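In structure tokens, the next block holds one chain alone, the form predicted on its own.
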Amino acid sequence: MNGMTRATGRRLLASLLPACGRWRTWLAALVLLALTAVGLAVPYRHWRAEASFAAAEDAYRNARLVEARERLAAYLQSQPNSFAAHLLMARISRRARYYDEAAIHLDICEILPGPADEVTLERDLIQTQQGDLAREAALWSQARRRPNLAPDIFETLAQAYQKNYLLKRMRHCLDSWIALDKNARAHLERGWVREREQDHHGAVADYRQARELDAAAAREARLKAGQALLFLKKPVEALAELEPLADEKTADPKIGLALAQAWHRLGRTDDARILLDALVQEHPQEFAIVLERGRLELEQGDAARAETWLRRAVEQMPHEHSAVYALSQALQRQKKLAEQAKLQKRLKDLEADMDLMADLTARLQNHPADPALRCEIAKIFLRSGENREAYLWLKSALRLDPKHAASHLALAQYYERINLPAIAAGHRQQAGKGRPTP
């Protein structure tokens, strides 16, 4: 019996040994697999983080700032002490006009190992983008020495020149940018300058070039090209630019208005009227739409209906010459001569301000550092009720001369108008201490 038991035990052990061997093999394989996974996890996370950073850089270069911000935020979660990432986030924040956030990331850069001159340059760009041209010469020097950063510098300088309405400098900056980098944004901005230089054909060429360079810019470029072609009295070409945007005609009042204007000029007055009525319903405070609706009735010979629309336009923008002039025409056609005579006096005052504005802005191109010119431009905006524009011009005058008395007085008027008497009193006090305009 014992012999049989021992034999059975030996047979059982013999049968189990292969199974135990297989178990040990599987266990070893699982341990090896686990160790391999652990070993690969670190490089995988690193690869994924670096991919996020590369994607953020690409989005930044192509002005997809929301995407760039999201990608870089993901990278910073795993690499919170990356100088390059904080510097790039500062650049993204600046271009998105989050200046305080940009400054915070630059503060972090200053305590991390990295080139200090990159931080200094970015701080200069933040100030310049807000209209301060104190670092203008230094930035041009940087653009010449560091062509890889020149597009960023040119974009920033162009915005500063636009804020200061220095068209010649802005045009030179954009020409330099385009010579270096065929950028859609540069062409869009140069088109804006060309329109103000009365070169509308050149503007159309720039807008079309922007559309070809970047599909993401096509919508804006088509709209701007269509508007410029309408000014040139080329409604057929304008319609060709605008029709691909027609699905947005009621959602975007600018697109809808431009389409209605093209149809109006092509004799499709019923289509234009229907679209304008729909736009008024969707966007009742859009002055340009109300004005166009009145003009359409005026051109169709219904002066009484035109008057209703044009009065509404003048109520919205009482200092807008085009609206006052159109209302004057509607009154004249109805022989409402007494009221029309009052409007004629207002038109003369508005035309005098328009002529003065043209003279001041022309002089500004040659004397950009003259605070008196900027102050006079601001006063015209104050007279026309455009308080925000007036404020920006006065602030630019005081950047040039913090003690310019006339600018402080005009700012006092601005703050009184928006019911901030304490701040107004402060500017009146500053005016008393300042230098009078010669």
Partner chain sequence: MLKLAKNLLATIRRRPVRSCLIMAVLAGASYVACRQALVWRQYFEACRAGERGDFAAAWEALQPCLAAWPGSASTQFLAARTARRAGDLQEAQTHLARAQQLAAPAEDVILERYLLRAMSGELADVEPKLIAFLDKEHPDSVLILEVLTQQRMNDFRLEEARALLDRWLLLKPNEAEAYVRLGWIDDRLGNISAAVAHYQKAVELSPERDNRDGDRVRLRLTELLLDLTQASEAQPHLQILRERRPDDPAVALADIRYRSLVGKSQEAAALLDTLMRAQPGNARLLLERARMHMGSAEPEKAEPLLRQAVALSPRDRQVIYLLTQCLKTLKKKEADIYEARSKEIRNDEQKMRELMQELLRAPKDAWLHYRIGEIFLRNGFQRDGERSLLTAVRLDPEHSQAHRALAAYYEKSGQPELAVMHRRAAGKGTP
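Keep in mind that this is a model prediction, so the values were computed, not measured. Positions refer to the first chain, counted from 1.
What follows is about the form predicted together with the partner chain, which we do not show.
With the partner left out here, the partner chain still marks one of 256-264, 223-231, 176-184, 101-109 in the predicted complex; by a 4.5 Å heavy atom cut-off that stretch is 101-109. Mapping the unseen interface onto this chain, Q365 falls outside it, with no heavy atom inside 4.5 Å of the partner chain in the predicted complex. Although the partner is absent here, R383 lies well away from the partner chain in the predicted complex, with no heavy atom inside 4.5 Å. Although the partner is absent here, N81 is a contact residue: one of its heavy atoms lies within 4.5 angstroms of the partner chain in the predicted complex. Contact between K403 and the partner chain in the predicted complex is found at the 4.5 Å heavy atom cutoff.
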